[in-house]
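What follows is a single chain, given as structure tokens, in the form predicted alone.
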């Protein structure tokens, strides 16, 4: 009798979780198309523009050619068939008529195992020095690469590779100094099926780590698929996007660089990378509104997936006060948006393994 009760209860719990998983795949959602103004595809970017950051002068650095473990065999085949190489692209908002172009990387750096993901840039406005931190996924493990931009040569001078067991399943990085940064560990399991089960079972094994120049320290843990990171203009607040919980977490930076959660903003879309608009402090987030189409796109990049850009207004304490949808595409033009960056009412939208879009913003 008791055994039947226990088994029945477990079965009901299983059905409840299964129903939640199916619901969260967004089969019920409808995506409508709208633009913030005139938009066009930027020529020359065919295989991804996953993350980006814009400098105060309008130069935008973009990661392209993402490949990470675990990925399905179809993605490895797609990379091989199209000879996709990891690269950093540069786009100038001051001359949007020009294409994005690939930056050279200094000799000695192994570009054959360069698969860039998240990016963060430290800009010294007095000296003009620009330092890039980039998450990399060489086969079997993850690293964070540090480069210095040499504008006269359109070159990235490789400075350092950060490796540590703490960099376990890296997704994004957020620079706080010349030798310090936050980064997200998106998940725990690196095997394809174990990682899939971690996602299905909603296991909160992700975290945000902090490197202070000497040691790696836990900043926040118990997170479910933490994705991109951004920081407020005053450096007091860290924004962390979540793909699975579909919310933006707002953290206060403590004096020891741990993070204290102060706000959770539900956005009902699988969030990817946030960026902060330098003129206003408001936040842009690239997002995936329909998960089942995103899942298909992640297995077969030719399959369309909707794109979305959300614009979040913030107040003087860096809390989110209002949200609007700035861009929406059902998958007709742009597949799988991951990030957006704005400069003087002009915007770039990046993707996982698709194209790059440029828009004039006339709706804000």
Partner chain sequence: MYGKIILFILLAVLIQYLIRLWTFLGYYKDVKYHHTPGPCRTLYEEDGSEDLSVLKNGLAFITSGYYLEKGKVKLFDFNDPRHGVEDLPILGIDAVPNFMAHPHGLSIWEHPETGVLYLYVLTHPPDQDRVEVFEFDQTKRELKYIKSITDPLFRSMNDLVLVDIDKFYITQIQWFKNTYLAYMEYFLLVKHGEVLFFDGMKARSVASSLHLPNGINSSPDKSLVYVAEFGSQQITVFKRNKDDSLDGIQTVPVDCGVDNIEVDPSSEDLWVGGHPSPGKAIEYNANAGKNRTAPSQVFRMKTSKGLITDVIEIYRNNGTEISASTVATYFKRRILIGSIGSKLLLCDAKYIN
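For clarity, every value in this text was computed on a predicted model and none was experimentally measured. Positions refer to the first chain, counted from 1.
Another form, the form predicted in complex with the partner chain, is not on view; read the next lines as being about it.
In summary, among the residues 57, 33, 333, 317, the only one with a non-hydrogen atom within 4.5 Å of the partner chain in the model of the complex is 33. Residue 310 is the only one of 310, 52, 45, 67 with a heavy atom lying within 4.5 Å of the partner chain in the model of the complex. The shortest heavy atom separation between residue 267 and the partner chain in the model of the complex is within 4.5 Å. Interface residue remark: residue 362 is counted as part of the site for the partner chain in the model of the complex, having a heavy atom within 4.5 Å.
The shortest heavy atom separation between residue 23 and the partner chain in the model of the complex is within 4.5 Å. Remark: residue 323 counts among the residues lining the partner chain in the model of the complex, judged by a heavy atom distance of 4.5 Å or less. Considering the partner chain in the model of the complex, the lone stretch of 57 to 65, 333 to 341, 297 to 305, 34 to 42 in range is 34 to 42 [heavy atom distance within 4.5 Å].
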